[in-house]
Structures are given as C-alpha cells and as structure tokens.
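Form predicted on its own, single chain, as structure tokens, below.
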Amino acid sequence: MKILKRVLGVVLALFVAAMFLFPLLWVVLASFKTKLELLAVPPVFIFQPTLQNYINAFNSDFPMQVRNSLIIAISSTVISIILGSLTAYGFSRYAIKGSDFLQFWILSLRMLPAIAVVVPFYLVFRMLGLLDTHIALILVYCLFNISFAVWVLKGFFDEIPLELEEAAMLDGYSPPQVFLRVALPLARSGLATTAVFCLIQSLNEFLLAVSLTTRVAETAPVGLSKVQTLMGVDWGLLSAASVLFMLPIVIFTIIVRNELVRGMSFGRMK
C-alpha cells in the first residue's frame, strides 16, 4: 500500500510539473521554428531548427529593452534589500511605539493596486522631469518591493536567537557590526528568497512601465507587447525574445537555488 501511494504521488508530481513546464517548452520550441512551422496544423514537433528568430530579436530594439529592464530591476532589488533588511531588523529587535500599525501600513503598500497610483505617479514624475527615465521606475518599484522585503525579512530575523547577538556584543561588537556580521549572514537564505521575488516582480511589471516610459527607458515587457508586423504578430520573434528575457532570472535562480530552498523551508525546521 505504501509503495502504491508513493508511486501515485510521484505520478501526480510529474503530471503537475509537466503542466507547468509544457507552456515553457512550447515557447522554446516555437523560438526555433519558421513561420510556416509555427502556423502548421497539427503542430510540428520534429523540425529543422533555425536561429533566424533570435537574429531578428538581436537586430531589433529588444536588447536595449532588456538592458533597461535589468538596470531597473537589479537597482530596485538591491535598494529594496538594503532598506528592507534595515527596517525589518529594527522591527524585530527594538520596541517601537506603534510597531504593529507601522508594519500593517508597510504591508498595505504591497497590496496597493498599480492602476490606483499610475496617474499620480505620472503627474509627479512629469513635474519633476523624470518621465521615461530609469530613476522613475526604480523609485516606483522600490515602493512596492521594500514593503515586501520588510514583511518577509522580519520573519527571518525573528527566528535568529537573540543569544547569538548578545554573545557577539559581549565580544565587543557594536550594534551595526552585529547586524552586518551576525544577523545578515544568518538570514542570507531570506535575503536570497526576497531578492528572487523582488527581481521577478520588477522584471515582469507592465502597467507602470508602459505608462511612465516611451522610448529611452522602455522595458522588455513593454517591448514584447509591441512585437507586431503588418502581417500580424511575429510569433517566432516573440518566442525568441521571451526566451532571452527569461534567461537572466533563470540563471540567477539557479545560482541561489540552495539558499532559495532553505528560505522556503525556514521556520519549519529548527
């Protein structure tokens, strides 16, 4: 009976994984097909791969848009991690008057719908002359990512025993040194987890990017929405561009996968 349950569990897990991976596999295969093969009915799974779609992607504005996305996403993620970790550590270690209210207010910023603030942001940045700049999107994304970082990292700092920090202070560490040399290294799995989610959020965001940029700071999601010709959507180019856009986050996730797994399970295991 146990063997049967284990087999059924493995089969179910493989089925669910296949459901999530099939769209990704479809996009990757489509990026190597010609236009005729893309429109073939029934779909063609055995074909002669072509790199023309990737060549077309590199010859378009897409590399510039990916560069903009990476600059904005990495900058906003780094700033959010720095400010979020400082704020979360303060909430975790110090008795702050009205702490519960402040934490709820910070968390509520994460739940704020982008459509509700796009017009005010547009008017403010137009007045400041920051429309279609990297700075505008970095500031906006930090607003949403910092609240998420505080919410996640506070839980990680709460799990760190106070005795470790007290022992470090007895050894002569100052409070900033305790934070940098004790708390942060112990919370590195939380930092990696938070960084991945902030990076994904910043890379995928569309509404604010399309509203606050026109050309110079245009991001990849906005560029992907404009992959259209006189003959309709160029699905090969769109698929190739999508694969290229996915690569940075896939590579980053693979690099921090060990810390990410620890971060996902942190708190369940002592």
Partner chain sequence: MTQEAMVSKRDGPATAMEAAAGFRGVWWRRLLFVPTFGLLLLLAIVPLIFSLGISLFNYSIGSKPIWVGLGNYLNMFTDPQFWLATRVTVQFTIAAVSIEVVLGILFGFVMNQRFTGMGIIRLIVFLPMMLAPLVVGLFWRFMFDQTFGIVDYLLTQIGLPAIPWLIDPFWARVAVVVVDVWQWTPFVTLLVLAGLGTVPTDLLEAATLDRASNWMKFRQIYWPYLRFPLLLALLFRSIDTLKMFDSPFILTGGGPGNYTSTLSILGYRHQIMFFNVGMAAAISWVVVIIINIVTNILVKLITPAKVGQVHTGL
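Computed from a predicted structure; not experimentally measured. So that the term is clear: the rigid core is the largest set of C-alpha atoms that superpose within 1.5 Å between two forms. Numbering follows the first chain given and starts at 1.
Keep in mind that the form predicted together with the partner chain is missing from the display, and what follows is about it.
Residue contact check for V152: none of its heavy atoms lie within 4.5 Å of the partner chain in the model of the complex. Contact between L128 and the partner chain in the model of the complex is not found at the 4.5 Å heavy atom cutoff. Among heavy atoms of P113, some come within 4.5 Å of the partner chain in the model of the complex. Under a 4.5 angstroms non-hydrogen atom cutoff, the partner chain in the model of the complex has N204 among its neighbouring residues. Scanning 1-39 for heavy atoms within 4.5 Å of the partner chain in the model of the complex gives R6, G9, V10, L12, A13, L14, V16, A17, M19, F20, L21, F22, P23, L24, W26, V27, A30, L38, L39 in sequence order. After superposition on the rigid core, the Cα of A40 moves by 2 Å or more between this form and the one not shown.
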